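Take a look at this one chain, the form predicted on its own, written out in structure tokens.
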């Protein structure tokens, strides 16, 4: 089969789209013929050796895929040959075939296209756990999403709206991203490139929340936007830090947390996949139900051949795409 192969950690240009042996499923595994893979910013970090988990070399990157089951292990009863599934893994999805433990796979709704299934993977799971498990979201909460035009951000916007947020505010960079954030469901959008971000974001959020501030901040960005968003939180507000797309890891001023009884937490979603598979299954079923109800629509900005993986990842690195990039073997 064809796959993207990383033989050493370093620049993604060193990876190759090449022939590799087909994977062999174990007794608890299923073998998937991949029709769509999800390209994500963390894939860059994994390939460069900068991610918190380093796969054994050589490996294929990629954390989410969708396709058709072509073989099942002896102990697998939940799936059969021909089942349409999505799978979420630590690595391996940039390939024509993928062997995964059956607990990491999910049956697709009958009408769901494979590209949509791949796009409803990592970023929607991440956003769901950020909102529900870490931020204790409840209907009526107001939510500020930084990076609202990106993969995780747009997923968080849609999920918050679908689950009953009173208002969703997006923080983005530039006019084009403002248009995307509005299109995916933001009620209000703030340009994080504005002058006096430190005070301006808080004033904007207070202006659309009756002077209260937002109940929840979802932050996959970091940097100066993080500090500004912290100031925009309401009393007993909750911030969830998902990543640092800005490249700047912020320092939290702990004294500010005391003044407004603010809670700041982090999210490493893959820990839930490994430690609490049942919660992940429940989350994916809920995501699929919301899609079937017409409340979720992943913004797929590009679909590219898997052989063009380098272009796709460089587009993600330099913020040249909004929403999701799907790779098709």
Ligand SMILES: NC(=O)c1ccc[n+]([C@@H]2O[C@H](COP(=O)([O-])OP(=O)(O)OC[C@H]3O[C@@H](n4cnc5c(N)ncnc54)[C@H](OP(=O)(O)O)[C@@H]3O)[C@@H](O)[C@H]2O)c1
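Numbering follows the first chain given and starts at 1. As the structure is a prediction and not an experimental result, all values here were calculated from the model.
As for the form predicted together with this ligand, it is not shown, yet the points below apply to it.
Judged against this ligand in the model of the complex with a 4.5 angstroms heavy atom cut-off, the residues 114, 119 and 158 are out of contact without exception. For the options 162, 132, 245, 167, the one in contact with this ligand in the model of the complex, meaning a heavy atom within 4.5 Å, is 245. The single contact residue among 98, 181, 217, 152, judged by any heavy atom lying within 4.5 Å of this ligand in the model of the complex, is 152. The shortest heavy atom separation between residue 268 and this ligand in the model of the complex is within 4.5 Å.
In the model of the complex, this ligand sits within 4.5 Å of a heavy atom belonging to residue 316.
Contact between residue 192 and this ligand in the model of the complex is found at the 4.5 Å heavy atom cutoff. Contact check for residue 221: a non-hydrogen atom falls within 4.5 Å of this ligand in the model of the complex. Per the 4.5 Å heavy atom criterion, this ligand in the model of the complex is contacted by stretch 121 to 129, the sole one of 230 to 238, 87 to 95, 121 to 129, 71 to 79. Residues are counted as partner-facing when one of their heavy atoms sits within 4.5 Å of this ligand in the model of the complex; in 171 to 197 these are 173, 177, 192, in sequence order.
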